[in-house]
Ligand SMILES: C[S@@+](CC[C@H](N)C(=O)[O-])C[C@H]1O[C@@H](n2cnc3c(N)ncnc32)[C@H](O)[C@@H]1O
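The chain below stands alone and is given as structure tokens, in the form predicted alone.
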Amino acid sequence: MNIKSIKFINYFSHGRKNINASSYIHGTAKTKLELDKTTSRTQVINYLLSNIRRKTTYLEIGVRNPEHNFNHISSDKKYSVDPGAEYKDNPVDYKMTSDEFFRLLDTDEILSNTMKFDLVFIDGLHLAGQVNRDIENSLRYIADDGFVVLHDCNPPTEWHAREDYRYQSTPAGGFWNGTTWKAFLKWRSESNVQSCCIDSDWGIGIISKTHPLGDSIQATNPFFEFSELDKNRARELNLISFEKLKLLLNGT
């Protein structure tokens, strides 16, 4: 048997072993379950905006293709921020990072540093440090009865929660939630905000200064270990359905 034949046999046997491994089967099944959930971030955002009884102002951080969400948001004024790393057309209002956007907003070089957004949607770089800064900055610029909404807060497996998007030879494939969940979980233990996570579309996190979404929790996962999240995610993330969110905001 020549070396080429041996390499082919090894390639085939190792590949078959990997795709039949319980972790691979479990991971791909979790992906399918998530894709089968029907409530989208667009639905949630539009519902939240519809509950604000005035003309609304919306900001989206991390747009990529605007047809995926931005173009379908119903708000009187809409602004978008994206540096264009993933979508070369990048038809947004502010072609820059969110850090740069908030820096210029603070110094009154764009828009106005006195303005308030009714809802800020965060779907930019899915790494905890960046997401945490985006939350902090957004909370400074939302109205008292406004909302900060985040995508990708409920990764189904550790593969989906990997730090490096490029590492795609996993059961998660090209699906990537990153470490957004860590930033959201950090804010779940902040007593000055209320928060919940809609159990659909990879986890739609919602943070509010005033609305009764869910009380803060004591931090029980200080090192942000995924296994601890996985065991306690209903409590840690305050996972609820879209229907439960409607009941909370209607006071029932």
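Just so we're clear, the structure is a prediction, and the values are computed from it rather than from any experiment. Residues carry their position along the shown sequence, with the first being 1.
One more form of this protein exists, namely the form predicted in complex with the ligand; it is left out here, but the text below deals with it.
Looking at A161, you'd find every heavy atom of it more than 4.5 angstroms from the ligand in the model of the complex. At least one heavy atom of S98 is located within 4.5 Å of the ligand in the model of the complex. Proximity of G205 to the ligand in the model of the complex: non-hydrogen atoms within 4.5 Å are absent; the residue sits far from the partner. The closest heavy atom approach of G124 to the ligand in the model of the complex falls within 4.5 Å. Heavy atoms within 4.5 Å of the ligand in the model of the complex map, among the stretches 63 to 71, 32 to 40, 180 to 188, 221 to 229, onto 63 to 71 alone. Site annotation in the model of the complex: the residue of E86, D144, D108, D76 reaching within 4.5 Å of the ligand with a heavy atom is E86.
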